[in-house]
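Taking the form predicted alone, here's one chain by itself in structure tokens.
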């Protein structure tokens, strides 16, 4: 077998220690890889590169298409972007895969039957990072959910379940509140699930789903969800199975894949040789499966399981069922000693080839019609009385357009709002055609905005209101 080039980053904090331990295990097991080392993270940020990734690092990733990454330290504030988020989005790493399995009784947990996989959408949602301060009191973050992005991750989840013999896929959203964004994700899940009749499916609201992960994780198998929810529940799941320090994750794209531990860089214990390299070792195992070196992946994973089973533990998981506490580098040596052994009590692994490239289903584009506009205004006058702004703003009516309502933080306050509703300086003013069922033109919208400006209002944002094949493409105001 020819050697596969792999881009490697030693990272920050404990990164160099756990990466060296991981590579020692990989090479001892016979992994046919050739490492191409890049520098990323804290040192790069300090050079003034706000992405934390120099151009030569990007060139390496686009060449090797496989990235084994130790944790890095991201400076706080100062306009610095998360390198992880930047890498995932730039390289199209749309699927984050996090297996969460119990290793009871060798790793303490209250949930010994847990064996689930969380598959998280990795590119969009609130992690698009599009934020604006719009008034003195109000900021916004845009939550972006696309049909292609949702379909791709949902199909990946079903293909993963099919490839690994999983029996059930659970979708988690908050579509009882975000009926359009999360509703889109749920709707596509229902559509795609019909193509996999052999796999059981269900949907949970994310809050109760999170509670079940914390209380009864053995009831779950494969979970597919959006970016923010997946980030949160992945750590909950890792913790309830015993330790965040054991978890590895894969970030899969159509061209490139990145593999990393789920924990941070832990600079407070850097250089002490006490970190647990298990998370990165488990991530490296996922990498080997991805590049087709399945036999080596199984050898390492089973040796790791045997090491855990024998009670050879680092300090973070050392407990009543441990036999010996070891250093980071020593743990790697113990795994290497067991490379030709199988666990006798923990279930040994048998890997499959994994998920192939995902193809989206062709669909007819919906007919889009402009049926209104939401005009957002910064207004802090007359004691913030909705009737005052509404009566004045109504003077902009005309040319076939009228003011229908005003909301404040989503709640209708004009006309006929409740006096108890607290109002801030951020107002959404909805204008619709005077004739029910009529559509508007861009020129009408532009003329309306000019009339509003002429009245002295400060327009901070507008959102056109559309229907798609007659279906509303916008939410109603609370109380509308």
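Numbering follows the first chain given and starts at 1. Owing to the predicted nature of the structure, the values given are computational and were not obtained by experimental measurement.
Heads up, the form predicted together with nicotinamide-adenine-dinucleotide isn't pictured, but that's what we're talking about next.
- Partner contacts here mean any heavy atom within 4.5 Å of nicotinamide-adenine-dinucleotide in the predicted bound form, and among 292-300, 261-269, 366-374, 351-359 they occur only in 261-269.
- By the criterion of a heavy atom within 4.5 Å, residue 69 is counted among the residues contacting nicotinamide-adenine-dinucleotide in the predicted bound form.
- Contact check for residue 281: every heavy atom lies farther than 4.5 Å from nicotinamide-adenine-dinucleotide in the predicted bound form.
- Residue 159 falls outside the set of residues with a heavy atom inside 4.5 Å of nicotinamide-adenine-dinucleotide in the predicted bound form.
- In the predicted bound form, nicotinamide-adenine-dinucleotide sits within 4.5 Å of a heavy atom belonging to residue 73.
- Residue 316 is the only one of 221, 316, 310, 380 with a heavy atom lying within 4.5 Å of nicotinamide-adenine-dinucleotide in the predicted bound form.
- Of the candidates 275, 285, 237, 169, 275 is the one whose heavy atoms come within 4.5 Å of nicotinamide-adenine-dinucleotide in the predicted bound form; the others do not.
- For the stretch 8-36, the set of residues having any non-hydrogen atom within 4.5 angstroms of nicotinamide-adenine-dinucleotide in the predicted bound form comprises only 14.
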